[in-house]
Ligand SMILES: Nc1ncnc2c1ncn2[C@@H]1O[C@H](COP(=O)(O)OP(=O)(O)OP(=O)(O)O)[C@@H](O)[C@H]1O
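In structure tokens, the next block holds one chain alone, the form predicted on its own.
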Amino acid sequence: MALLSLSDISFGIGQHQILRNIAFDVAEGDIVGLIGPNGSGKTTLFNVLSGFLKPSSGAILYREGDITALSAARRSRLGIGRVFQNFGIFRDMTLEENVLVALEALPKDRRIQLGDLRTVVGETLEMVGLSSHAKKKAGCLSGGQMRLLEIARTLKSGKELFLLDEPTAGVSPKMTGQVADLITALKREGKTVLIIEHDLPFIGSICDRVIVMDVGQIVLQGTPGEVKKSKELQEIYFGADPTT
């Protein structure tokens, strides 16, 4: 069953059309990669999905309910979580405080279900191997550790659909593997992930499907293997072969 369905989503500013008739489904429990060159509309699409921008046409369904007109806050309460490219971490707060703030922002009934929030904070940090840094300010973390912390606290906040915007940006090769492990762990827990990424090998290693965008529209989609072999992908990233 499709957890998320987009139908003919378009968005423009004045005469500038940024998204054109975007349509695809994301099945529950899948990891779907969204790739394309800079300026292809990927982050704008995420802003539309998150509720920060309203599409000029089209519809967005989440669990078969129309969320096109809902605010970002309402979408978050429904279970849609966004991890931004620029770290959404409070650098002057400790790791414990960063996670606790996210948990305390949950609706009261959800907080009660979680039980002792301090225990949940400890579990969250342990899950990503950051327990030893619990009392330290988050500004001391590496880029990869910040990314792990962001994803983990989003998970503990009860989100079901994760929108990850370039999770390997500013992350060392060693930590990239840990980010990949955490994302695949989300899948094992039945979560669904839509991920923007420029690291094509990373996308190929974790995604069930890949969607390729260029100049605001979808030009290709398929399995990582199918997309990697496609002539269209080569032309988008490296230009057309002048001999063909």
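Residue numbers here begin at 1 and follow the sequence given. These numbers come from a predicted model, not from an experiment.
The next section is about a form of this same protein that is not shown, the form predicted together with the ligand.
When contacts are defined as a non-hydrogen atom within 4.5 Å, none of A27, D208 and K229 contacts the ligand in the model of the complex. A residue is said to contact a partner when one of its heavy atoms sits within 4.5 Å of a partner heavy atom; T192 fails this definition for the ligand in the model of the complex, lying far away.
Within 4.5 Å of some heavy atom of the ligand in the model of the complex lies at least one heavy atom of G39. Though the partner is left out of this view, K54 does not reach within 4.5 Å of the ligand in the model of the complex, counting heavy atoms only.
Residue contact with the ligand in the model of the complex: I9 places no heavy atom within 4.5 Å of it. Of the candidate stretches 180 to 188, 41 to 49, 61 to 69, 200 to 208, only 41 to 49 contains residues with a heavy atom within 4.5 Å of the ligand in the model of the complex.
Taking the ligand as it sits in the model of the complex, the stretch 153 to 183 comes within 4.5 angstroms of it through a non-hydrogen atom at just one residue, E166.
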